[in-house]
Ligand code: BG6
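Take a look at this single chain in structure tokens; it is the form predicted alone.
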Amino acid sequence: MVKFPENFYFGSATSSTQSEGAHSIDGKGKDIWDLWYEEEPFKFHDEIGPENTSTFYKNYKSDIQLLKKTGHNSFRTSISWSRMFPEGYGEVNEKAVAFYRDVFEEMRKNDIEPFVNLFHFDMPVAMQEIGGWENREVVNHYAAFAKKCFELFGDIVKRWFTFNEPIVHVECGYLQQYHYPCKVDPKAAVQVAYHTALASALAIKEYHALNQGGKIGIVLNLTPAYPRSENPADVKAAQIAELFANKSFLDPSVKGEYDPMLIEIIKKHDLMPTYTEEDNAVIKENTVDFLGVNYYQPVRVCARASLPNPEAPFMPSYYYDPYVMPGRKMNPYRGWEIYPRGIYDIAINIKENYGNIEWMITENGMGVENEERFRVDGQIQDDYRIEFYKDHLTWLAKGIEAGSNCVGYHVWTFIDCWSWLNAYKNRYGLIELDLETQERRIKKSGYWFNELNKNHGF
């Protein structure tokens, strides 16, 4: 049997934008997803925007009962900055305060530990209009928003995260055009990354100053970079891919400083951000108490086969080509490799290179299209999802056995949710969401997850 400690956190994760709905009521300001959907709805799968998502705003009490039924002892969600502060700062929205307070209290009543994240790709439009993360002023507004959340909810919430997957809004917003503002501007990307790391450190500083007896961390999507071969050129390619994909936020968050090799590359391409020594000191002195890790897939790279175009805007792939490993196992619906051993490699990396800091898996999951194909007697028989979890948990348990300080495992997600540009194309939930009726039905994996928590393993 694969066993986990008695006090291990088993649960799932979601975000405010992807689950709440209610995007135009009770005083919520617009975020960049509302704005982008208004501007370019054709870029969203089936032209479905964030207006309703999984209707958690309306159904949170019954949804929390479903969390209980599916064996959750913990649950991560996020606070919408634009719901709390419609203009990004100024007067707090009291209806938002009442909603979030009630959600967290309801979770506590049901013995579910709230893990609360402060930013999940959902910049308020009012903040984006003054430059978003490119603007140092927005960093201060974020720190003030974070402080207000700690003051309002810190008596109930004892586990906080500053950001979810910050590398995503950097790459997708400023290099690859998958997120608003859809720029291709490497200089801006570096500035945004620096300001995000600084914003995280400032929020940590505010939290520690309040002495509320909890812990604060950051959620990073770690994608271990594997070289094609032991050839030195392939190994170096993987080393550089690791710098951008993982170490760019992992090092400042845990160690308080950037890897010198990363700084050297940024300088070489004339992309250094604007910063002050005071801001560097804030990053140095305010590191995370614990770490959240989202793991879905590895990165495989090899030495470039051709010289990069000197005229093209800089991308990390200047230094490597993606490598398609023969025989790799795939999730065909998402186009991602399934490599459970990666979770063990992350565990050992954190143990050996990051002071064995306390950490947890904050997301791991498998999105599948047309799941109704697998319905038998009214229930989706998602054995493929159970196998996915088991394979990853087996390697996670090996990492813990080897001494890695992992305290929990959260899956993505509890109820099928809206996804940024894919809407409801791929389903990830332990619970099925009927889009027509909003009815919730527990899948086979939801019942299995309940047993997992009950037995502390499988």
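If you're wondering where the values come from, they're calculated on a predicted model, not measured in any experiment. Just count from 1 along the sequence shown to find any residue number.
What comes next is about the form predicted in complex with the named molecule, which is not displayed.
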Quiz item: Taking 296, 412 and 428 as a possible spot, do all three reach the named molecule in the model of the complex with a heavy atom inside 4.5 Å?
Solution: yes
Practice problem: With the named molecule left out here, work out from 104-112, 251-259, 122-130, 331-339 which stretch has heavy atoms within 4.5 Å of it in the model of the complex. | Solution: 331-339
Practice problem: With heavy atoms only and a cut-off of 4.5 Å, decide whether residue 37 touches the named molecule in the model of the complex. | Solution: no
Exercise. Find out whether any non-hydrogen atom of residue 59 is located within 4.5 angstroms of the named molecule in the model of the complex, and reply yes or no.
Key: no
Quiz item: Would residue 395 show up as a contact with the named molecule in the model of the complex if we use heavy atoms at 4.5 Å?
Solution: no
Practice problem: Using the partner position in the model of the complex, report whether residue 419 sits within 4.5 Å of the named molecule, counting heavy atoms only. | Solution: yes
Self-check item: Interface residue in the model of the complex among 242, 171, 165, 382, criterion: non-hydrogen atom within 4.5 angstroms of the named molecule
Solution: 165
Quiz item: In sequence order, which positions of 341-375 have a non-hydrogen atom within 4.5 Å of the named molecule in the model of the complex?
Solution: 363
